[in-house]
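In the form predicted alone, a lone chain appears below as structure tokens.
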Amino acid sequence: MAAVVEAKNITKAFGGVKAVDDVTVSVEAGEIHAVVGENGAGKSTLMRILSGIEFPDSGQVMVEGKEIENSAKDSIDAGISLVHQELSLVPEMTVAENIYLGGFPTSAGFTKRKEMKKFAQETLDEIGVQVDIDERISRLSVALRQFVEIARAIARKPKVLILDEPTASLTPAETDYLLSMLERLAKQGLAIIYISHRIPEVFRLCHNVTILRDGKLVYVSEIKKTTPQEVINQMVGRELKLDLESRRDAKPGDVVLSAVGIKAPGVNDVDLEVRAGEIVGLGGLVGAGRTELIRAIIGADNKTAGNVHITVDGKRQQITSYMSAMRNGVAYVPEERRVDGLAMTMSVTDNVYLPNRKDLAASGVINPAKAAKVAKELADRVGLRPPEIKREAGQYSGGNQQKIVIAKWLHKRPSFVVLDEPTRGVDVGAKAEIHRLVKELADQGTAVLVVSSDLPELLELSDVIHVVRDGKIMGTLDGAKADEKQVMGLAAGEKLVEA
């Protein structure tokens, strides 16, 4: 069968570094084709070229045998639709307006709203999603926003649908629904290119897989002729096993964090302790109140009741605001790194400088040499690749961005570290490195609190697991003995039965 879309010998360089190096990929009608690789492997650049957002230095993009010009409009007109990892909806516009954004049906300069709403509803019906077309995007859950983004792509009647990490923010149930939707669309003849770091999803959904490494195509296979371990090894260029049986020998010390009677929007009277050298995990479903709890604890959001204290070197200090938390050795790695964790247009050095101004400046003036030295040391410590400290944070891949967020706190030698979804949207290699950093912090005596929707991650890292539901801790598990069934049972409201 002839390919619907083909990228032929695509090469693209940025600043002399080849992001994509002579890569060829083709996808047939009805095929779901995975493109995987570590962060920075060139996947997103290749997809941006396919969709006309970036221009290749050399090579061709063909749709049904016809070369398309290098522009987003030409790619859309040729039948290519891209759903970005970072959603691009307009929050204060309605579902219907977002689905037809840039293509409203008009008459005499006025939008034909009745026709627009009819078409939007038909598109949502086509993909099997129920949502009020008059609702504002800002009022929708993350999952519904993702489905509206897909509906906007489908409304263009594409021949090729490209999805970049579409399940990164979805619950397991929402992920199942999305994968079933994509299977239905493929059976209708749509060619789908699927980018994901979640290898089980790739093996459940896709027919073929292409692997990129350092911008080069290194492996192509039918899914049924390969294995998850082989795909991971090809991605990282070495054998990498994420062994959940290998656990650190935790030796918790004195209580560092003490939170008592915490109440806040979405949080209902929670007590929590974390000890020096201990990793405490917060499990539960998306929307259970985990993020709300940790933000109330560290003062990032207001609480309505309760007290929080940090004890370091025998000194007990009350946390009343985020600034007081920082002054007392609290480091926070937020869920939305691009919004809350980094200044995307600033360099690695400048991002490192922000929480370390007191140490890296004299009389309010930054010491460039000292800041650069510290940034380079931290970049090496977290395994930033490439370790270009003058490079803008936004030019790095997701996994490397997360390393920068972690790195900027390490110079302060924090006594208490809070990580919210620390490896969301990062590849298996970066995930292993971040896990190493988290364990290293705990081994050095740091108290660590981790929120994660990734159950294997939660079980690998945590010494103690508190499962949150409806803003309350529903049960506590020994991290060394817990399993996924116990965590999900508590998250779903089952009572904990002691063995």
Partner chain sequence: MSKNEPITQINAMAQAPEEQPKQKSRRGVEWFAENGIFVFTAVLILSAAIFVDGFASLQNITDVFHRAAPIGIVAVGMTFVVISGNYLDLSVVAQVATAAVIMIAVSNEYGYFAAVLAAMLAALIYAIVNGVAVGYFKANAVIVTLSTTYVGLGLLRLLSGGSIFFGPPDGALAQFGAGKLGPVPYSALVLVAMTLILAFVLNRTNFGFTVRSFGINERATRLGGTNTGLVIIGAFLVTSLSAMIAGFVLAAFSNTAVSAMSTGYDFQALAAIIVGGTSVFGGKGSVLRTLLGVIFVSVLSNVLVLLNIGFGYQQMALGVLIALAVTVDALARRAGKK
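Numbering follows the first chain given and starts at 1. Since we're looking at a predicted model, the values are computed, not measured.
The same protein also exists as the form predicted in complex with the partner chain; that form is not shown, yet it is the one meant from here on.
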### Summary
Checked Ala300, Leu410, Leu205, Ile223 for heavy atoms within 4.5 Å of the partner chain in the predicted complex; positive is Ala300
### Task
Report the residue, out of Ser452, Thr45, Ser462, Thr446, that has at least one non-hydrogen atom within 4.5 angstroms of the partner chain in the predicted complex.
Thr45
### Message
Contact with the partner chain in the predicted complex for Val417, defined as at least one heavy atom pair within 4.5 Å: yes or no?
### Response
no
### Query
Is there a heavy atom of Gln229 lying 4.5 Å or less from a heavy atom of the partner chain in the predicted complex?
no
### Query
Heavy atom to heavy atom, is Tyr194 within 4.5 Å of the partner chain in the predicted complex?
no
### Query
Is there a non-hydrogen atom of Arg357 within 4.5 angstroms of a non-hydrogen atom of the partner chain in the predicted complex?
yes
### Query
Which residues, if any, of 133-168 lie within 4.5 Å of the partner chain in the predicted complex when only heavy atoms count?
Asp164
### Task
Over in the other structure, so in the predicted complex, do Gly284 and Glu165 pull closer or drift farther apart at the C-alpha level? The difference is 3 angstroms or more.
closer
### Summary
Taking the shown form as reference, the Cα pair Arg290 and Ala168 shifts by 3 Å or more in the predicted complex and sits closer
